[in-house]
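Consider the single chain below, provided in C-alpha cells and representing the form predicted alone.
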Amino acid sequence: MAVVSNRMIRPDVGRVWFRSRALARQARPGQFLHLRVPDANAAILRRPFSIHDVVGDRIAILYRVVGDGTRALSALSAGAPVDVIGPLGIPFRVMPSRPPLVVAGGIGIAPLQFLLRRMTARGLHPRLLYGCLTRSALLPHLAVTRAVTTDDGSCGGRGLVTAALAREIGRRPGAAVYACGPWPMLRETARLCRERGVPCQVSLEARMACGVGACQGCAVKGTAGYLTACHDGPVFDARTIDWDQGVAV
C-alpha cells in the first residue's frame, strides 16, 4: 500500500492517507490496520492504527508521535510503500432505529470520523460529543451536529464530555451511544448508559502484537472471562467489559 499524503495536523498528531481500492472497500468503522512501518530501528512488531476515514479508494489513519515507530511514520512521504495487514477487528454495529450519540475523548476521535461519515451517508443524524483537555488538543472532525467540551473551558463548555452525554441522553429518548477515548471516560460512559438503559458500544485502545488474538497480549477482562482487543474487539458492547478492573487498556 502506498502513501498518498502525510501531514501533521497538530504538532504531535498526523494524518496519513494511503491508496488501496481493496482495503477501502472492505473497511468498516471501528476496524484497524496493522502496519509495519519502515524504521531505521527495524522494530519487530507491527503497530495497530484505527481506520480514521475512507474516501473512494483512499484510507486514512490518525497517529500521535510518541516513539520511534510513529516518528518514522511521520517521516513517510508520498509514494512510500507500507506493509499493511487489514482491515482487522470487530467494527461498530450501527443501530439505525436509534438516534446516534457519538462520544470522543481526545485522540479517541480517530476511529469515529469514519463512523460519522458512514452514519451521515445512511441518512442518520449523529450528534458528536467531543471532549479534550484544552482548545489546542482538539482535532479536526466532520461538520456534524456537535458539542465540544474542554476541561479548562477554553473551547465550548467547561467540564467533562460525560457530563454533556448525561444531558444529551435525556434529550434523545431511545438513543444509542458509540464511544472511544481514555479508559476513565469510557467507564463513566458505560455507567451512564447502563443506568439509563441505553445501548452503548465502545472502541478500546490497546497495545497489540499479533493483531489476530493469538498472543493474548491485548487481553482485557470481560464480565464472562478475558477478551482480546484485537480479535474480540476493538469494538465491544460496553456491558461485556469489567469496568472495575482498574487499569486503562
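Numbers for residues come from their place in the sequence shown, where the first is 1. Here the structure is a predicted model, which is why all the values come from computation and not from measurement.
The same protein has a further form, the form predicted in complex with a small molecule, not shown here; the description that follows concerns it.
Residue-level contacts in the predicted bound form: of 198, 185, 204, 54, one residue has a heavy atom within 4.5 Å of the small molecule, and it is 204.
Between the small molecule and the residues 110, 165, 115, 179, the one pair within 4.5 Å by heavy atoms in the predicted bound form involves 110. Of the candidate stretches 68-76, 125-133, 168-176, 151-159, only 68-76 contains residues with a heavy atom within 4.5 Å of the small molecule in the predicted bound form. Although the partner is absent here, residue 27 is not a contact residue: none of its heavy atoms lies within 4.5 angstroms of the small molecule in the predicted bound form. Although the partner is absent here, residue 50 sits close enough that one of its heavy atoms falls within 4.5 Å of the small molecule in the predicted bound form.
Interface residue remark: residue 193 is not counted as part of the site for the small molecule in the predicted bound form, having no heavy atom within 4.5 Å. Shown alone here, residue 64 lies within 4.5 Å of the small molecule in the predicted bound form, counting heavy atoms only.
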